[in-house]
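As structure tokens, one chain now follows by itself in the form predicted on its own.
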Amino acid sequence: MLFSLAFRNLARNFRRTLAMVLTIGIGTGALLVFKGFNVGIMNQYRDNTIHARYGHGQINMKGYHNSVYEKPWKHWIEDYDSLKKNLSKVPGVKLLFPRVNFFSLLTNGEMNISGKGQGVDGSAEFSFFNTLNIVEGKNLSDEKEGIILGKGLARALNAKIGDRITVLGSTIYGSMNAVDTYVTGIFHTGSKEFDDSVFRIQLDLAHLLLDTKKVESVSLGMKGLGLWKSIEDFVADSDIDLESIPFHVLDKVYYQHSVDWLDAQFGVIQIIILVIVILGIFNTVSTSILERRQEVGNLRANGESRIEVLKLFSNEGFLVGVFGAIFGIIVVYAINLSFLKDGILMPPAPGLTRQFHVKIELQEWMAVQTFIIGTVTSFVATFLASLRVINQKISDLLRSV
């Protein structure tokens, strides 16, 4: 009965109701957009880290990651084939990427540039590492003598697609060796240090250069983000002295520190937005109630008790909150699917040298949370304003204009 009467009251003064619904809708919508943007930028950082450089994590010999060795190859993985067979049986493991890192000299016959090489399985990594951002040519796949260069490194060598590059290096036994390659692609991750020094060649070619079959580390592509625990369990039960390192530890400076910093910053901004939204809703709803003091006086004069009037107005506030929150959520989803479907172009973030798109990633829990905030705020604002009005004398309420 009270809900029916409250709904009729809202329909009776359409302009006032529309103003409150729009205020709540804009407030809840703004909060929802910010939450979606926050999640979007965090996920962008995470995906760039996983699908450009490290995978979901890597496995290497125990203590290798935090140690510096004069002869690091003595601490590389000896029998990768056996490890691969066992890793493939671990629940959640989708792809395996054996790698070796080495320092060498690149020459095109005219100039010599030092660089940090990565020997990778191009065919296995081609589809998974899809955010490496190839700006020219294509990513390394099945080209036996292919090489891809960071943008800064390619600029230093004045290298173009198809150019021949000789990689000079030292074998693990100390003798000099060289392999010939040709440029298949140039990448630009946005990390200047990485782009100015790193190149990638096929793992077989790196093994030929280094004169070894050992693998320095094995990066992993998991079926889901929450499955890394299975790798930790495998390492703990392994007969070999291995260690597992998740991607956020491998890239602590670029990823983890950036995420921690952004999370703290966004937390402060979110509190500010939340306060503004709540105060805006409070102000609009409270003002609409205070403007209806004469109506309250008439209800009281006709025999309605304070409790009944309070219930009526509280139901109105609840309904307005529901309508406003739903309106705001629907509008935000519609805008995100149309005008913002490609995301928002952002300037280079800390540690990056290129722009990137951030999508507004709206999730169900965000919609539920903002709906509750809008509805509860409207209800509480109406309740407090009504409580203030109904405690006034009937004569004072009837004389109000």
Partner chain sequence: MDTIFSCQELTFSYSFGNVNIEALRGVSMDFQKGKFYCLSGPSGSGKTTFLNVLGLIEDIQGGDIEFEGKRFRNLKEEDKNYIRRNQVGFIFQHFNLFPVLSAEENIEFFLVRQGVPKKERTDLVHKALKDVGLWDHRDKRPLEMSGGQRQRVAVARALTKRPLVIIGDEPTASLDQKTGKEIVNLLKNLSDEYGASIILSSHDTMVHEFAEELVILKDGRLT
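No experiment lies behind these values; they were computed from the predicted model shown. Residue numbers count along the first chain shown, from 1. C-alpha atoms forming the largest set that superposes within 1.5 Å between two forms make up the rigid core.
Although not depicted, the form predicted together with the partner chain is the subject of the following passage.
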property	result
Touches the partner chain in the predicted complex: residue 301 (any heavy atom, 4.5 Å)	yes
Interface membership of residue 175, the partner chain in the predicted complex, 4.5 Å heavy atom rule	no
Any non-hydrogen atom of residue 82 within 4.5 angstroms of the partner chain in the predicted complex	no
Exercise: residue 88 in contact with the partner chain in the predicted complex, heavy atom 4.5 Å	no
Answer option from 193, 291, 308, 145, heavy atom within 4.5 Å of the partner chain in the predicted complex	308
Interface segment, criterion being heavy atoms within 4.5 Å of the partner chain in the predicted complex, picked from 257-265, 180-188, 291-299, 109-117	291-299
Members of 381-396 lying within 4.5 angstroms of the partner chain, judged by heavy atom, in the predicted complex	393, 394, 395
CA of residue 294, rigid core aligned, shift of 2 Å or more between this form and the one not shown	yes
